[in-house]
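Encoded as structure tokens, the following chain is the form predicted alone, with no partner shown.
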Amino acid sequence: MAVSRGALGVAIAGFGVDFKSDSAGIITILRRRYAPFIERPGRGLELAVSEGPNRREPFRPYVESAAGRLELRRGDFNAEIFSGAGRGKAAAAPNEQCLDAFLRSLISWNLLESGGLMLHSSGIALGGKAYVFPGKSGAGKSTLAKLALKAGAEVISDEINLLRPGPRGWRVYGSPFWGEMRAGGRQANWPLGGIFLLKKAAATSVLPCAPGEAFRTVMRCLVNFSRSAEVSAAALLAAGRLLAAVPARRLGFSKDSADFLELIG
């Protein structure tokens, strides 16, 4: 591989990517955007990145895999990765939105391959454990995260949370992918203490949740850019294992109070 102008290691949810690029702009954007997740290069997938066109269509990423080759593409990026060799190449527009979409696509794939999940959800850390609140737009994820932060809890993300199974159970990893709060996240992980489906209510409550409803909610909130039957099967299996290990409950909460923190532990 040719000597590049810059090299930068990024690690998210235990997956490392060593970016090497002749584009100073791409390296600068990565260093600024993922500052809490930077690590020394040489410990992850080696990815040579060049500047590509800044197109908008198609807007949604697409992931395809076959025989050890992974392709990720959108209008403004195209990447080819050879997982067995631990290397790949990509062309990407030198802007934050493009690089963020690329990393979301790659990390969501890596998580599913390892039995984990990327979920549209709020995540908070409290008392040494993580609590995850899946929901689509309008469910109250950012509202809940802001209330929790104001009350002294740590917010892992108000939009995207990264879950992986391990020898001692499921863990939630610090996320650089945020919504309204636009924070940077941090490099850490916590044991998963609970999963709660959200419902805005006048009074705070925690109630049982039917397994079928919990499973449907998790599947609707799961981030997956692949259309393959194999990946869909892996997603179904991971969601089932997650809810078997940590059954979901329903949280009713008011937008004016963080008293739900007393009930979720």
Partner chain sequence: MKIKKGLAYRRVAGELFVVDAGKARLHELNGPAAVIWEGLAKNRSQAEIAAELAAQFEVGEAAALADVGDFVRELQGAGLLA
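As the structure is a computational prediction, the values presented were derived from the model and not from experiment. Numbering follows the first chain given and starts at 1.
The same protein has a further form, the form predicted in complex with the partner chain, not shown here; the description that follows concerns it.
When contacts are judged by a 4.5 Å heavy atom cut-off, Y62 does not count as touching the partner chain in the model of the complex. Taking non-hydrogen atoms only, S205 never approaches the partner chain to within 4.5 angstroms in the model of the complex.
Within this chain, A233 lines the site of the partner chain in the model of the complex, having a heavy atom no more than 4.5 Å away. In the model of the complex, the partner chain sits beyond 4.5 Å of every heavy atom of G44. Stretch 209 to 217 is the contacting one of 209 to 217, 49 to 57, 32 to 40, 196 to 204, since its residues have non-hydrogen atoms within 4.5 Å of the partner chain in the model of the complex.
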